[in-house]
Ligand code: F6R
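Presented as C-alpha cells, the chain that follows is alone, the form predicted on its own.
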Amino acid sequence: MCGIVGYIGQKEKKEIILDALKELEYRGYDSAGIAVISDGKLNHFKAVGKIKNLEEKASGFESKGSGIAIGHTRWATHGKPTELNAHPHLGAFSYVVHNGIIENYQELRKELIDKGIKFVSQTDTESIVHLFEQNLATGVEPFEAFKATINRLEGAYAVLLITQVAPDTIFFAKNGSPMLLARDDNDVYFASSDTAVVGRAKEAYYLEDGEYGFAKTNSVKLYSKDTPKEFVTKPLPEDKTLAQKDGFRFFMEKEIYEQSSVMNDTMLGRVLEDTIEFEELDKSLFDGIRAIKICACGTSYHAGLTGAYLLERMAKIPCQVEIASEFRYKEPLLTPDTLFITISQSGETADTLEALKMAKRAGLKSLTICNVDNSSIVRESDYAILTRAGIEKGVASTKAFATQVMVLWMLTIYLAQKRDTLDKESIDTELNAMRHTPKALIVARLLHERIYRLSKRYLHGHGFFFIGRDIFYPLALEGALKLKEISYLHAEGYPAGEMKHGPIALADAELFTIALMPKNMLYDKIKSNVEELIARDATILAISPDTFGMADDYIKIRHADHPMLEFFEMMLVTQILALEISIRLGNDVDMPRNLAKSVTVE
C-alpha cells in the first residue's frame, strides 16, 4: 500500500527521496509528495499520479548540504486522490507522512477545529501534524510534543514528522504499519520497505509496534513505553527484486501471506464496536432499493457469488450475480429499484465497465467494490468501497479476492442493520467473527509445510474437482480457478450435491477431489457427497477442522465457531495448494501463460 521514506544527511535530498519512492512504486499508489528542510527552509512538492509528475514539479529545486527530507506515495483511504489529500501534510511550520489509518481522527479533527484549526484535506493524517503543533504551543520541547501526539493516536500508523522548530531532526513512530531505519556512515534513512534503501545502506533496524524516537545526523534515539532502547541492525538484502518479495519465492506467495495484514486495513474504521460504518456511502443509497444485481468477472465473480449467499441470508434482499461478459449481450431486465454492484480488482476490467455503463443508462444506482481509486470503474460508479488490498503483482488474485469477500460481508451487515433483519446478538456475532478473520489468515509454518509435502501427490491424474456447499461452492470455484491458472491442470468447481447429476461419471482413482468440509455449515450433507465419490474410488483430499478417516489425504484447519472463519482458512489452503503444485511443475507462478493482470479487452 502506501510508501514512506525519510533521509538525514549531506547528499542531494530531493533525488534520494524520489529514487526511494520509485523503488516503492510496485506497492501501488495514486499520488506522491516530498518535503525538505535545507538551510532552515521548508519546501514541499505534491502531485497526483505517477512519480514522474512529482519530478516535474520539483525539477527546479535543489537541496544540497546538511538537511532532512521525507516522502510518501499514497494509496487513497480517506479522501480522493488529489494534491490536497496527498502527503506530506502541512501544519503552520511542520510536515508529516503517515501509513495506516487513525481510527479516532474524527474526534481529533473536531477537537482541533473547535480550537480554530483549519483543515485543508479530507484525510485522517492531517490531524497528526495539527495536534503536534498544538502540543508544541504548550511550551514543551519538540520531542515531548511528538510523544504527546503519538499517545493520542488510535489505530495503525507509521509516522515521520519534520518541523522548522527542529530543522535537523526526524521524529518517528510505528504501530501496526511497517517501518525501518537504516544508517550508512553519518546518513540516516527511513522506509516502509527495505526495497527503498537497498544499495544505500547495508543494514537496517525493523521497528516493532509501540516504538518511537527521533533521529539526527549520526544519532538515533529509540524508545518503547518511555524507556530508551538499544537496537541491533540486520543485513539488508542485496537484490532489489528479492527485497520487493520480502524473501518469498514469488509475489503470489508473498501476497498470500499478506492477507492477514491487508484484512486489518480493509476493516479499519469500518468494523466498529457494535456496527458497520462506510463513510464513503450516502445514507440514502439503499432508499427505494428492493434488489441487488452483482456483476463481475473471474475471481471477482466468485466473490460476488459468496456475497449473494450472505446478502440474501442476513440482509433478506434478493441478489442476482451475473458474469459481465454474458450480461452485456443477454438484453437484461434492469429496473430502478435494483442496486447495481460491480466488483473489480483493477477497476479497468472492460466487460465489467461496459456492464456498468449499461446499468447507468437504465437509471440504476451503482456501487463498485474495487482496489484502485480513480480507476475507470470507480469514476463511473455513483459510490465506491475500496478494498485496500495493496497492489497485487501476481496475476492469480489472492488478497484481492479475500478483501472483496470481506467488503461484501461488511456490506451485508451494514444493510441488515438498515433493514432491521438481524437482531443485536446476531450482529455482535458477525462483528466478532470479522475481528477474528485476520488471525484465521495467518499462515502457520506447519500448515504450509503439510501442503508442500502433499502437493507432490497431485501432479498427474486426469483432473480435479473442488466441491463445496453454500458459500463454500463459490470457494470451490475459486480454488479450481487458482489451480488451473497457474498449474495448467484441469480443475472444476462444483456444488457438492450436483456431483451425482453427471460429474460423478468421471470418478476413479485418477480423479482428485478437493472437498471443503466445514463443521459450521452442512457438514453431514457434504460428508455424504464425499462418501459417494469414495464409493467410486475417487482420490479425496479433505479440508476440515475434524479428521475425516475415509479421505486419502487430510488438511486440518483450526476449529472456529463461524463459517466465514472456516471459509477464509480454507481459502488460504486452496491458494497454497495451487502455489505448491505449480512450483513443483516448474511454472512461473506470477506470470502464467496466456493471462494478464488487468483484462482491458473483451
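Start at 1 with the first residue shown and count on from there. All values reported here derive from a predicted model rather than from experimental measurement.
Although it is not shown, the form predicted in complex with ligand F6R is what the next lines describe.
Decide whether residue 397 counts as a contact residue for ligand F6R in the predicted bound form under a heavy atom distance cut-off of 4.5 Å.
Residue-level check for residue 397: yes, a contact with ligand F6R.
Consider residue 405 of the chain shown here, and say whether it contacts ligand F6R in the predicted bound form, taking contact as heavy atoms within 4.5 Å.
Heavy-atom contact with ligand F6R at 4.5 Å: absent for residue 405.
In the predicted bound form, residue 345 touching ligand F6R (heavy atom, 4.5 Å)
Answer yes; at least one heavy atom of residue 345 falls within 4.5 Å of ligand F6R in the predicted bound form.
Could you confirm whether residue 300 comes within 4.5 Å of ligand F6R in the predicted bound form, counting heavy atoms only?
Flag for residue 300 set to yes.
Check each of 482, 87, 388, 174 and return the one that places a heavy atom within 4.5 angstroms of ligand F6R in the predicted bound form.
Exactly one residue meets the criterion: 482.
Which of 73, 368, 127, 349 has a heavy atom within 4.5 Å of ligand F6R in the predicted bound form?
Contact with ligand F6R in the predicted bound form is made by 349 alone.
Partner-proximal stretch of 336 to 344, 199 to 207, 155 to 163, 223 to 231 relative to ligand F6R in the predicted bound form, 4.5 angstroms, heavy atom
The contacting stretch here is 336 to 344.
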